[in-house]
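Provided below as structure tokens are two forms of one protein chain, presented individually as structure 1 and structure 2.
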Structure 1
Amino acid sequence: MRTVSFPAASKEYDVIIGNGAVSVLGTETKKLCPGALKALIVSETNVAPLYLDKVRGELEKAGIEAFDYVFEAGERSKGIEAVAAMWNKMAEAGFTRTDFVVGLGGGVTTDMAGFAAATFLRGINVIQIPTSLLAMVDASIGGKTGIDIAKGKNQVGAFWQPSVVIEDISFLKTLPDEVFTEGMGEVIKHAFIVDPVLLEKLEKANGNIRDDEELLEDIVSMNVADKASVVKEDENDNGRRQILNYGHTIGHVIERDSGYTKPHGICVAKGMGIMIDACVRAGSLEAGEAERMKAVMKLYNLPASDEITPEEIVSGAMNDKKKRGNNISVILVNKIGKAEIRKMTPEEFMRFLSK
């Protein structure tokens, strides 16, 4: 079992990673939430039948009365109605500021559980227990929480750091192959923007990491450390943290326009592929680097293209969180391991994509 420190400015916390890591939940609860009497476990219909009773049992052993809110699995549940139901559940149960929320599930779950915790009684503790690869390497860490609205993904939310994140690698065994593949979109993103060593490890593994528990734990730990190194410098996403959005400006538009039927990690991969091609056309990314990037995406069964047009991308990006005034923060990778933020007007972004 490994512990990676996540040094956010507002709250430093541990990310505990390993097979059977959920067994430390009771100990961590007593240490981090000593006055707690109640917890709301937020989960969804795919995950709850597998792990809800286990998590409830760990909490009850620590003397915590556990309540639960289980929503229909999928991005389309990620709205204000679900969060309002969580608030009401906690209010009816008499939760106080010493009580807490547990997010048990993938990225949709950890985003909503974190947002519910950030806003109930103006903020209570949240413990994240991610069950998907995407949530372990990205969604559950860093403190971004939120919900979707009709105009875009994660348009409403709050920065709210967890008290601890517990990543039980054994939970990944029950993931469908396509959900594991989706998570690789975020893993490979970290390799492209900050971690050439991670990229080499992925290439050496030749697409086979899922059945190697030690390798998988190592890769998850590297991703957590990569994200921590970026968030440490810019917790509130006004500067360098924006490089974590590589592929997301386009990916979010693809995801939204599909009615949230296309998986987030797949859409991010498509966005990265489109940006790789645009950088090659602009002459800023060498063809050999681009070929290497696309080869590792193919190795892990990720797409690198989409039929979306430049006009659709720019129109969608104007409603995205990455827009600042009349500028869009476009994330470029012109050399593996080195991402940059370039401010573009909509017209400049259109020309860049259409060149």
Structure 2
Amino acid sequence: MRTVSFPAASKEYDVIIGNGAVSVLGTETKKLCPGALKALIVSETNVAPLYLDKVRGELEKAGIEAFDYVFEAGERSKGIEAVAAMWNKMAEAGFTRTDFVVGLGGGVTTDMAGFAAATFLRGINVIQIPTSLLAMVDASIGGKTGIDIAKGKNQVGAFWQPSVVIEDISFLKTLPDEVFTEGMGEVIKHAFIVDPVLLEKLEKANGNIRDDEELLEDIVSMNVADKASVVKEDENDNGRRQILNYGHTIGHVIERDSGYTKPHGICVAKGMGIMIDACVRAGSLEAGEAERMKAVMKLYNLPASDEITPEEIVSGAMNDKKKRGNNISVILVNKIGKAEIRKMTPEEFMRFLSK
């Protein structure tokens, strides 16, 4: 078991990672939520049958009365109705400002649990227990919380940092293979943008990391540290944090054009592949580096191309909420481990993609 400190400017907290890490929940609760009497465990229909009782048991051992709200698994539940149900559940149970929320599930769960905590009584503590690889390395850390609305994904939310994040590696055993692969999209992204050592580790493992808990713990920890190093400098996403969007500008367009039927991590991988090709054509990324990047994506079953045209990418990117003004922030990796943000006009981005 190991602890990575997450030094957000607004709040520094621990991310505790390891096999059986959920056993620290009680002691962490006593330390971080003194005076708490009640907790609402937010979970969903795939994860709750597997792990809810364990989490409830840990809380009860610490003298906490545990309530739960279990929603239908999947992105389609990520809306205001579920969050309103959480608010009502807490209000009916007489929650006060010292009580707290526990998010137990993938990114859909941790985003909603975080948002419910950020808003209930103008903000109560949240402890995140991510259960998917993507939630462990990305969604549950960094403090972005939120829900989807009809007009788009993650359009409403708040920055709200958790009190602690507990990442029990053994929970990954039950994750379906394709969901694990999706999470690898974000893992490889971190390797590309800031962490050449992680890339070497992934190459050495030769695609076999699922069954090696020690290696998984290592890889997850490195990813948490990577995201921490980026978020630390720019908690509210005005500058350097944008490098975490590598592959996402294009990935989001592919995802949206598919009516959200294509998985996020797969779309991001395709976006990274398209960016790698474009950088090679522009002469800024060496062919050898590009080959290495694509080889590791293949090793972990991720695609690196898509049929989408430059016209479709640019017009889609112009509608993206993350676009600032008339320029598009394009994230480039011209050397493994070094990402840069370049502002491009739509015309420049089009030329860059279609050279």
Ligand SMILES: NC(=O)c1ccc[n+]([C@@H]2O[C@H](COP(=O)([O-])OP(=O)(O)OC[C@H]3O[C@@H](n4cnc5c(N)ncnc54)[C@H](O)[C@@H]3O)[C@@H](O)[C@H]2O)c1
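FYI, numbering is relative to structure 1, first residue = 1. Only a predicted model underlies this, so the values are computations on that prediction, with no experimental measurement involved. Between two forms, the rigid core is the largest collection of C-alphas that superpose within 1.5 Å.
S.K.: Which structure would you label as the form predicted on its own, 1 or 2?
M.R.: Structure 1 is the one predicted on its own.
S.K.: Rigid core aligned, does the Cα position of Glu255 differ by 2 Å or more between structures 1 and 2?
M.R.: Where the cores coincide, Glu255 still shows a C-alpha shift between structures 1 and 2 that is 2 Å or more.
S.K.: Superposing on the rigid core, is the CA of Thr345 displaced by 2 Å or more between structures 1 and 2?
M.R.: Yes, shifts by 2 Å or more.
S.K.: Please report, as a whole number of degrees, the rotation of the smaller rigid part relative to the larger part between structures 1 and 2.
M.R.: Comparing the two forms, the smaller part rotates by 9 degrees relative to the larger.
S.K.: After superposing on the rigid core, how many Å does the CA of Glu311 move between structures 1 and 2?
M.R.: A shift of 4.1 Å.
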